[in-house]
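Quick heads-up: it's one chain on its own, the form predicted on its own, in C-alpha cells.
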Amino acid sequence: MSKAFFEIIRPGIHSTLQDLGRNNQYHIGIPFSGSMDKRNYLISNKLLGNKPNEAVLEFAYQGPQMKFHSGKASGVITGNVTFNIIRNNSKIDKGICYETFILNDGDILDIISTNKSVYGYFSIKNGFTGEYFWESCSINTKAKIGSNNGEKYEAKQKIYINKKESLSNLKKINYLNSKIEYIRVLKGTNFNFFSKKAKEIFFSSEFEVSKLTDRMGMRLEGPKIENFVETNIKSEGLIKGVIQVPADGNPIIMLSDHGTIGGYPKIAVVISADYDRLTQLTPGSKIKFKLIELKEAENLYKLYEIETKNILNQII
C-alpha cells in the first residue's frame, strides 16, 4: 500500500514542521524551537483529535500550495489565513479557518496568505511523518536540525502523513485571534545597565517591528536605548522572549529558534502569556512595553493556561 503524501507545488515563504519543541537541551546550544503560536498550534491538533504534540505544518505570510496523493484525510488550518481547496474536478472551495475539511486524492490545498499576522498552522489527522531529534521533529533552520534535514520545504518535495486513511468527524470552533495594547515584560538581568532616562524611554515609547525578523529574533526600530555601563558583556545564557540591547540601541527580542548565549545586555523579558501574540506581529507593527512584577506574570500565565484549556474543551 502506497503512503499518502503532499507534493509541494509552491513552498511558501517559510514552511516547516513544528511541534511543542525540544526540552532541556540548552546546555548543548539547542533552543526549544517548536510552534511560534502555541495556542493556534494546540487548537489545530485538538480539532482533529490528534495528540497535543503531533507534528503540524507551520507557514509564515504566504503558505504552500500542495497536491494530495494516494489517500483521504481530514485537515484543518488555524490562524488568520486565506486559503482555498482546489478539488480534483476543478471546483474551488473557499477555506474556512478553525473548521475541519476532507481532502481526497488529487485535491490541491492552496494556502494563499496570512492576514495581518505572521504564522498559520495546517494540521492533518494523525499528523505528518517527521524525523525526530531529541524527542521533537521541529525544524530549526538556523541549527539545521529536525525533519527535512533542518531545512524549510522547497518545491517538488513530498511530505508524508502517518496514515493513508486519516479521517475525523467534521468539527469547528469560533476563535478570535486577539490583540493587546502592551507587551508585558519583567526586568532583565542587566536592567540596571540602563539609565533612568533610558528606562523611561523604553516604557513610554512605541517601537516598530522591523523587516529583520524571523523565528530566531525580532528586531525593533525606534528611539535608541542608551546603555551607560557596558554595551558588550561576557556571553550569558538566553531564554525565549528576552530583550537584548546591542550598541546601536535598537532592541532585539529572542524568539523560538534563538541562540542560547549572547553578549548584549538584557533590559527585559517578555512574559510567557504574551508570547503567542508577540510572534504574530508583522513588520511595521507598533509595540509598547509595560513592566510588571513576577507574581503578576505568574498569575497571567496561569490565566493563559486556563483560557487555552477552556478553548480546547469547547472542541468535543
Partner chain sequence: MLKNILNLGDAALYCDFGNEVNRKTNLHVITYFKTLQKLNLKGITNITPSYNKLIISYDLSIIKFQELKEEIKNLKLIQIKNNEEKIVKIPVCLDDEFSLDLNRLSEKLKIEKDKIIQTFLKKEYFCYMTGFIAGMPFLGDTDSKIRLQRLDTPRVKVPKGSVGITEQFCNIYTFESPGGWNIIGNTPIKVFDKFNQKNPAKINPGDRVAFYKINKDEYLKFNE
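Residue numbers count along the first chain shown, from 1. In this text the structure is predicted, and so the values were computed from the model without any measurement.
Omitted here: the form predicted together with its partner chain. The next part is about that form.
- Contact with its partner chain, judged by heavy atoms within 4.5 Å in the predicted complex, is confined among 248-256, 30-38, 280-288, 58-66 to 30-38.
- Proximity of 95, 153 and 312 to its partner chain in the predicted complex is absent: no residue of the three has a non-hydrogen atom within 4.5 angstroms.
- Taking the partner from elsewhere, residue 145 is found to have a heavy atom lying within 4.5 Å of its partner chain in the predicted complex.
- The closest heavy atom approach of residue 228 to its partner chain in the predicted complex falls outside 4.5 Å.
- Proximity of residue 237 to its partner chain in the predicted complex: non-hydrogen atoms within 4.5 Å are present.
- At a distance threshold of 4.5 angstroms between non-hydrogen atoms, residue 112 is out of contact with its partner chain in the predicted complex.
- For the options 101, 175, 133, 203, the one in contact with its partner chain in the predicted complex, meaning a heavy atom within 4.5 Å, is 133.
- Exactly one listed residue, out of 159, 81, 242, 137, brings a non-hydrogen atom to within 4.5 Å of its partner chain in the predicted complex: 242.
- For the partner-free chain shown, 186, 189 of 167-198 come within 4.5 angstroms of its partner chain in the predicted complex, judged by any non-hydrogen atom.
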